[in-house]
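One chain comes next, on its own, written as structure tokens: the form predicted alone.
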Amino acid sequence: MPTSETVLRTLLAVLLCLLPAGCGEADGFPEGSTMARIRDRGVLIVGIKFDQPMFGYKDPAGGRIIGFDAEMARLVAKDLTGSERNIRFVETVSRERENFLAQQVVDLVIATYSITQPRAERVTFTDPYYYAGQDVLVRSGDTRIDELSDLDGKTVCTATGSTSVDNLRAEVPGAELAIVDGYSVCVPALLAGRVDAVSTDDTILLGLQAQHPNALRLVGKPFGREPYGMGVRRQDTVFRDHLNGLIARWLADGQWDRAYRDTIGVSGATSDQSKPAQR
């Protein structure tokens, strides 16, 4: 016959399992989920770009990854592990984003990752956490380019695997595209006169221009609107839904605004067109 202590322990176990955080879900993460795996590992691994000021940029002075995407990643790490310090960034250029997710090199990708249908067939996206428009960066003294149409017949640098390539081909079919692995290659080429312009998302260009304020000029006539999403492995809807909840919380409680203010906002840009609507 079971003792009173055994009965008490059994009843306590049953009661714990009836609670939302019971039966192995002490923090609300379902057993076997990506969130639980990251919690148990104690470190979030994030694919991010290292060459995009204001979003994902490796500070050459101290090696810290800074920018808006980096701040979003740190907020995820804090939620999953208890501290924003429990994070490892892996450099992830545009053409490697889907591969790094499929091969489980990273847990998620936060890397100016525009949500498109072809990409959504290979990865699962969260709701948009940011909206960008595409613009053009030129040399300050170059008066030939002041409109998108002025790129006709000019050499324009942009990145492999980015939506900027498709947008340019659709909008300015007469432009000659120099397609490289990263925008850090484009800027020296522009300064040296090997290309006539760089085109990608406006806030990325704003960060590049801020590094050479006297030498480079942003045309300032954005076209298109690109929604950025966090990418997770294909069909990992549980992780996606958890991240969607975090994004909605940050938009509502001011954490999104603080991240913007401390990164992109330093340039003087405003979040009017960039901030997603609260749901």
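Numbering starts at 1 and follows the sequence shown. Quick caveat: nothing in here was measured; it's all calculated off a predicted structure.
Below, we turn to the form predicted in complex with glutamic acid, even though it does not appear here.
Interface membership of residue 236, defined by any non-hydrogen atom within 4.5 Å of glutamic acid in the predicted complex, is ruled out. Using a 4.5 Å cutoff between non-hydrogen atoms, residue 126 does not count as a contact of glutamic acid in the predicted complex. Using a 4.5 angstroms limit between non-hydrogen atoms, residue 130 is distant from glutamic acid in the predicted complex. Looking at residue 74, you'd find every heavy atom of it more than 4.5 angstroms from glutamic acid in the predicted complex.
Judged against glutamic acid in the predicted complex with a 4.5 angstroms heavy atom cut-off, the residues 34, 106 and 243 are out of contact without exception. Heavy atoms within 4.5 Å of glutamic acid in the predicted complex belong, among the stretches 135 to 143, 79 to 87, 157 to 165, 172 to 180, to residues of 157 to 165. Scanning 201 to 239 for heavy atoms within 4.5 Å of glutamic acid in the predicted complex gives 201, 204, 226, 228 in sequence order.
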